[in-house]
Ligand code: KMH
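There is one chain below, alone, in structure tokens, taken in the form predicted alone.
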């Protein structure tokens, strides 16, 4: 009997939503980002989705120098695919957001496929004291954020990064984003197979439930046929349940402290690796093989780690 294709686990290590006050496990110093990324890879993550933070106070950063402080360490110790975010700031231009990818030429980058109201302001009500001065206003002011990803922005990112042979994690926060991606493929900006991340549960995007997951997949099947691979990112408490459902539907999965700070109801995760280990156990108990980095590269048609610049 032929071996069942592996399920890729992506781990999103730190992100740009949660702040240090919310969890002591959230890494923001470069040595901690590197250590947690390496541990997540050892636990079974085939892809590491990476943001940077200011080391002095944990604020989100898109400064390439902050990426430079941890990328070589991760590559030297982990064979996982490195995926650099191009959405790490809600307040900067697309040219600024893709600067780290242009410098380091990773195998993968995230690329958001449409503009949305992107908010996490209710989190500001959960804390009376904050570790750093920037945190409360940053979280509360997200009520007024528009995460800009226009067709012009998408074209600018695709065109600038094309010479680097970077594949994208196309983040789709709602059904319309799938149609945006189809349009961009028809315009020649992206080639098959595309890798789509269904993002469920962000305030401003589609909700995190099984009906919405099924609807997103049906729509993607209609638009892309056999020309896509897919994964699910479910924010907050829906993380593990929808990841397991996605795997049963033939998809891949994403976990990590960027997407949820918890390992169970009311219990903070101790690390990214703890979340990876848990979803790996779930997948294997359901009869799935977990894809290693080289299988992930084959599934997603990546250029290979020997062609990055870090």
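Residue numbers count along the first chain shown, from 1. Because the structure is predicted, anything quoted here is derived from the model rather than measured.
The following text describes the form predicted in complex with the ligand, which does not appear among the structures shown.
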### Summary
TL;DR on 68-76, 220-228, 154-162, 169-177: the one with heavy atoms within 4.5 Å of the ligand in the predicted complex is 169-177
### Query
Just to confirm, residue 86 within 4.5 Å of the ligand in the predicted complex by heavy atoms?
yes
### 4.5 Å heavy atom contact, residue 104 to the ligand in the predicted complex
no
### Query
Would residue 112 show up as a contact with the ligand in the predicted complex if we use heavy atoms at 4.5 Å?
yes
### Query
Do residue 258 and the ligand share at least one heavy atom pair within 4.5 Å in the predicted complex?
yes
### Candidate from 80, 181, 199, 196 lying within 4.5 Å of the ligand in the predicted complex - any heavy atom
199
### Summary
Answer key, the ligand contact in the predicted complex at 4.5 Å (heavy atoms) among 300, 22, 17, 290: the residue is 17
### Task
Using the arrangement in the predicted complex, list in sequence order the residues of 39-67 with any heavy atom within 4.5 angstroms of the ligand.
49, 51
